[in-house]
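What follows is a single chain, given as structure tokens, in the form predicted alone.
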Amino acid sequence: MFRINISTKIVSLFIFSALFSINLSAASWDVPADKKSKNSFIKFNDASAKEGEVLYNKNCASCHGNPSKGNVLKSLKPTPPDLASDGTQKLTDGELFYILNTGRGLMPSFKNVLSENERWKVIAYMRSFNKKYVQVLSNTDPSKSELVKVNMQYDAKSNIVTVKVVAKEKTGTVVLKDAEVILFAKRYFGKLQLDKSMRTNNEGLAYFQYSKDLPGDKAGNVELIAKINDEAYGELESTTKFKIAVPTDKPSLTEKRAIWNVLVKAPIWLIITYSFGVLVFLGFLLYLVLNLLSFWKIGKI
């Protein structure tokens, strides 16, 4: 019996140690050195922090709670940190930006949810809780993204979309090498990523495989969105419509009667139920008024 208890304690201690190690490893982020030194080209001030607060409350507060309040979602393992805590605030802007970009485990990546400007504004809001923080602005000129030109072509036989990225500088055309490119197809709700993210080669080209059964509109058209991220030229999106999808004749979400539609196209049963409810309520009010009049007449007599 004694040996069994000892064995049980040893096993329990081992499991606890393993879980603790997993928790510690999950709490640390292996951020590349070049990403740690990245800085924002947006000034962190009251205006950017206020915009960041709106984005934070919409995307982050459900897990991380209100900064400095300690009301994080403790049911998650590992527990999300309070983003006003010393542990978070000691991270560089680049590390925070990298974490927002990549995500891990239960934390999603916000790279395709928020724009680069929006991600920096979230960090601006986080930094507003650190009175000792001094911002170092990036030398990157955000307006340089306006120089970037994106050209998309497709090969129907091989089902490959080619994205070429160049910048039209005053000195001539510059090929964007090793720029990250993500390709999406526009859907009713959001965007559908096609293939994995790619890096442009020495000719500024990135290749994407798309599915033959990709649904499109009635004519088979689909809008493709190329999202480009380059260290020198920043982040931008380019949209092109191609006739490469399967023709799909789907009615719009507001074309038929539906519970979310306007009164004219709301379901008949909903209109009847609502109308009946209103009539019952009005009838009840009329009944109360008539009774009150009866009481008033009896009182006068």
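Don't overthink the numbering: it's just position in the shown sequence, from 1. Note that the coordinates shown come from a computational prediction; the quantities given were computed from them, not determined experimentally.
Below, we turn to the form predicted in complex with a small molecule, even though it does not appear here.
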Complete contact of 206, 226 and 234 with the small molecule in the predicted bound form (any heavy atom, 4.5 Å):
no
Students should find that, of 100, 222, 161, 183, the residue having a non-hydrogen atom no more than 4.5 angstroms from the small molecule in the predicted bound form is 100
With the small molecule left out of view, which of 179, 167, 194, 107 would have a heavy atom within 4.5 Å of it in the predicted bound form?
107
Is there a heavy atom of residue 48 lying 4.5 Å or less from a heavy atom of the small molecule in the predicted bound form?
no
Classify residue 200 as contacting or not contacting the small molecule in the predicted bound form by the rule of any non-hydrogen atom within 4.5 angstroms, answering yes or no.
no
Exercise: residue 150 in contact with the small molecule in the predicted bound form, heavy atom 4.5 Å
no
Even though the partner isn't displayed, in the predicted bound form is residue 253 close enough to the small molecule, meaning a heavy atom within 4.5 Å?
no
Proximity to the small molecule in the predicted bound form (heavy atom, within 4.5 Å), stretch among 167-175, 73-81, 214-222, 129-137
73-81
